[in-house]
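Take a look at this one chain, the form predicted alone, written out in structure tokens.
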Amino acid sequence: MYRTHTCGELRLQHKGQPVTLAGWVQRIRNLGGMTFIDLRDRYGITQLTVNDDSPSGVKETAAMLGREFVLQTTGTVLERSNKNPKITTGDIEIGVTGITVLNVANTPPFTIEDESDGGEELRARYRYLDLRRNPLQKAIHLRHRMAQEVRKYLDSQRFLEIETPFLIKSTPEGARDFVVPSRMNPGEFYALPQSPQTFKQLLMVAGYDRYFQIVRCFRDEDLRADRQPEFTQIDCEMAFVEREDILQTFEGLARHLFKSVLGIEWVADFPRISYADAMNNYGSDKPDIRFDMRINDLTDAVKGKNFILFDSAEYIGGICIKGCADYTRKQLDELTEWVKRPQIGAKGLVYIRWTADGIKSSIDKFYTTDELSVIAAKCRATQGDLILLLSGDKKKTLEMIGSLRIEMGNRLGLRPNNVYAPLWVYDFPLLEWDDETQRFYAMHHPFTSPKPEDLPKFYSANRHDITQVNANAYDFVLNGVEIGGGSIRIHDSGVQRRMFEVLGFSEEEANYKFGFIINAFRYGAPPHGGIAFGFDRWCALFGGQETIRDYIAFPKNNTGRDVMLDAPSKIDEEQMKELYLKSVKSEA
């Protein structure tokens, strides 16, 4: 037996007991006549004490130890004279009677501490060492806990966990697929699934009316803090349901996770908002409602005053920043430069300040005090407030103000990571027209059902009518992050054929790409719908972080590389021949 207890479980009630511990050396403090060793495993840290009274050989062994050596130690639990309230084992220590070095260790390239001295790239190269650090261990533990609670809740709701294939047919309509060459079928390729979408719909056709899977998915897309080329979804589907059934069921899942993982009892219903209202009020389809600061449409109030920037704009919007009228010219100039960055794309920023001296603005020469007061009233501003205005094309301007709103929320500390604001967003556009390719694209995927009341427009020959069709879709948003998205699916083969027609697929092309599901629908597809949650994102938010990397044991970096394994990498010529592949040098 390597250990009788872990390094995190001994307390004062164990005083006097002989114990055996095993773990890694966190740190060593040699004080001459006494040596203290902090021994660590994933459960905690226990202090070991070696002194002149220790048995023969113990002191000599302790003297040759280094950081991250793997030890087994025996001893007796003692009460510490100098207690450490910062750790759970801080009331005790182990009077060492024996030490066995199970493995020596090189000095690690960075400190295995909560606040490490290693940079991100270095820690990624030695991820197995980084995973020893307490913050990452907490993150992985949280992920495990959430996965178990997801399974517990869904099992209580009669869902079956069913695995679906990883080697599937490529149907490139969304992000790029990762493809896998087939040795047994020369010149043909599998794709790794971006989601199990078609399989879960086929399970509904097969009669498994409640399915879920905590599943790995793959997308070959550019990366951000909340994206990885491989990621995990809580993938779910239900048959014989309408939208309300889905929202109620998975609001229940969220409530269960809030309570079981965070200890938060959620009583009120989650707010719901339409896509149109989300864009108009917050400039985002995933609004952070932890703070108000809504967008105000000022177009009618500011046009016609000979200020060309506004008079030539389709839309002018503004947000009221409470209590910030004392912003200096330097601060306002810095904000102006911020909105002019390419990521935002604004031409400039207009401000109105309401101080004790009255209402002042960067556009005073075009607007009277009374006219500025009307603008302030429309923004629900009072004395002491700052109003920021942007203008241009409506869609783009709303997005720019939405980004500015989030930036101001960050600067003013209005987005604390221990406060949660969930909501549902619904009624998204079904399709989006692309002028460059002269065709419609599905905003969600080609199996999303139009809202029943919009079916006449869906069958219209008029392009404008089709753009007005709303999807029977919904997103779950938490703290300004899209955690989940789903829809009621098309289950009628005629509606599905019309969808492929609108998307510009010929009958032959639709049958080639999706014939398996079209055929399945002919054998009695029930009304069905579902949702998929970004499990990595949800874990990160519950852990109070924006990046998902710490919540994935072995993530990729921001170029999609695993620097620990040095992957992706070339394969040898023999493998290339077996797979009927030939390397072509890029001309870039």
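The first residue of the shown sequence is 1; numbering continues from there. Since the model is a prediction, treat every value here as computed from it, not as a measurement.
The discussion below concerns the form predicted together with a further copy of the same chain, not included here.
J.: Whether Ile162, Gln213 and Phe240 jointly form a contact site for a further copy of the same chain in the model of the complex is the question; each needs a heavy atom within 4.5 Å.
T.: All of them do, each having a heavy atom within 4.5 Å of the partner.
J.: What is the one choice in Gly252, Gly95, Pro186, Pro271 with a heavy atom within 4.5 Å of a further copy of the same chain in the model of the complex?
T.: Checked against the cut-off, the match is Pro186.
J.: Would you kindly say which of Met204, Ile401, Ile387, Leu431 lies with a heavy atom within 4.5 Å of a further copy of the same chain in the model of the complex?
T.: The residue in contact is Met204.
J.: Among 257 to 265, 392 to 400, 240 to 248, 354 to 362, which stretch sits within 4.5 Å of a further copy of the same chain in the model of the complex, heavy atoms only?
T.: Going through the listed ranges, the match is 240 to 248.
J.: Can you tell me if Thr559 lies within 4.5 angstroms of a further copy of the same chain in the model of the complex, counting non-hydrogen atoms only?
T.: Flag for Thr559 set to yes.
J.: Flag Glu68 as yes or no: does it have a non-hydrogen atom within 4.5 angstroms of any non-hydrogen atom of a further copy of the same chain in the model of the complex?
T.: Yes, Glu68 is a contact residue.
J.: Can you check whether Phe535 is within 4.5 Å of a further copy of the same chain in the model of the complex, heavy atom basis?
T.: Phe535: contacts a further copy of the same chain in the model of the complex.
J.: Is Arg498 near a further copy of the same chain? Define near as a heavy atom within 4.5 Å, in the model of the complex.
T.: Arg498: no contact with a further copy of the same chain in the model of the complex.
J.: Go through 126 to 158 residue by residue and record those having a heavy atom within 4.5 Å of a further copy of the same chain in the model of the complex; state none if no residue qualifies.
T.: Counting only heavy atoms within 4.5 Å of a further copy of the same chain in the model of the complex, the contacting residues of 126 to 158 are Tyr126, Tyr128, Leu129, Leu131, Arg132, Leu136, Gln137, Ile140, His141, Arg143, His144, Arg145, Ala147, Gln148, Arg151, Asp155, Arg158.
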